[in-house]
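In what follows, one protein chain appears twice in different forms, each by itself as structure tokens: structure 1 and structure 2.
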Structure 1
């Protein structure tokens, strides 16, 4: 074996070991959470890391009886779908206008997305809360969706723009020659070509909104408006001594995102690869 081949083989072994360690570090907490959600409290105390001797679903029943999990789940689902959908509906035409319509100040607006993406939401929380208090909308799903869209829009525009800018101008010019308006070009030509970017950004936004805690905790203080993540956070204080019940609640919150990734993993990976190539 040549020296270069030995180096390549060694690097592959190192990369494989790194991937195995990374996978274990990600999967073990999920496995620990799921296994302990099926144990009794006494069994968890006796052996937290072991498999359940007798599987029980009582923790899930207790979780649903203790708090309105169904309502929290519905609230999270509504905010996630609305926030992600509105973000895409605004970001897609905005990215197209900046990339291909050569609007005045478009490059400047695109340049603003970089610093906006770097601002943490916690830095904007107090000003946003004061602004919402001024208009008396602090306990509204609408204002939370508005904040989510404002936080996610810069990153989404930037991602979709990088796809659209790589599309040849000749395609758009040909469409205009054939009598297509800008709207027709956007829907019939740009939309199919940027579908991987739309799927990727939508999935990322869905996961972020579903797992978001800070904004929903501050603005949705009524129990009937709480999201699932906020509900579980407060739910933990009630069942602090009963870890299996808390684990059952976490499983309930985790399953939807696992299903999203499971059914859309091909589109997500394809979009990330195409984005890397185009970038």
Structure 2
């Protein structure tokens, strides 16, 4: 027994080291971004890897002065909130109807979500752009939100459905016997029970929309409509010399998602597992 135990603790040490190295490799690029956003350019050139000797916030000021970061931030925020909420508003009843209302073709509709998830957005761009232009709404946030909703619906329906399926049918039947309509059932019975799943899928969608590049790159060309992620991607070429300014821009774009993550880690991870595992 003894040699075996020794062996196991040895393995545990190896495992621990492996996890430490993985964590460092994940944290270092982030650290690199944060510390360099606080350096002067000269200091970056002399010492790109280490901590700043003298902390400066000038880079953030330069970033905000050079580009309408505040506006981009607001644009991203608007798209993210509107897109995520509307997706939820539409996906929730759909998932409920497929899971519990025994509608015709429900299985087919559910089966459709997986293939729809796999269609690459790049293939949708040209047709959607043409479609939008026939209605003369190419440069509108509304269209971009509409597209985001369309892209996110399959995954969202899939996740919520997997959650609702596990709710016992008897609950719904008794609600019906009590005279509840489907909508009542949805709001009064299912909503409270599904709340965690809704939160999770909302969080996943928030992260997705905030970080989306391709659709907003093509549709929101006006500088006044641009999102933060598109802004910083293009912004790079203008300040290529002043790397700390670029890093400051990246930090501005990253902080909101890190905040979401740290405050909602449990729901994000927990719900994701829940939805995927049951599927």
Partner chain sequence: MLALGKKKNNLSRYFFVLPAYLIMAIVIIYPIIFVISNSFFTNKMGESVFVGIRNYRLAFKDPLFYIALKNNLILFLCVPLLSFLSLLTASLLHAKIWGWRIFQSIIFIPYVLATPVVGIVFSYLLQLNGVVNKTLEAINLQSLAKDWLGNPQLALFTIAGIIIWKQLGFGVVLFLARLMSVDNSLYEAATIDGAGAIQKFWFITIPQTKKIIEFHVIISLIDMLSWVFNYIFVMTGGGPGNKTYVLEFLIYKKAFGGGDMNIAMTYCVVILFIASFLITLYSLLLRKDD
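Positions refer to the first chain, counted from 1. Just so we're on the same page, rigid core means the largest C-alpha set that superposes within 1.5 Å between forms. Bear in mind the structure is a predicted one, so any value in this text is a computation, not a measurement.
Asker: Choose the one of the two that is the form predicted in complex with its partner chain.
Answerer: Answer is structure 2, the other one does not fit.
Asker: Any CA movement of 2 Å or more for residue 134 between the two structures, core superposed?
Answerer: Yes: residue 134 shifts by at least 2 Å between the two structures.
Asker: Align both forms on the core first, then report whether residue 255 has a C-alpha shift of 2 Å or more between the two structures.
Answerer: After core superposition, the displacement of the residue 255 C-alpha between the two structures stays below 2 Å, so no.
Asker: Quick one: CA shift at residue 18 between the two structures, core fit, Å?
Answerer: Reported C-alpha shift between the two structures: 4.0 Å at residue 18.
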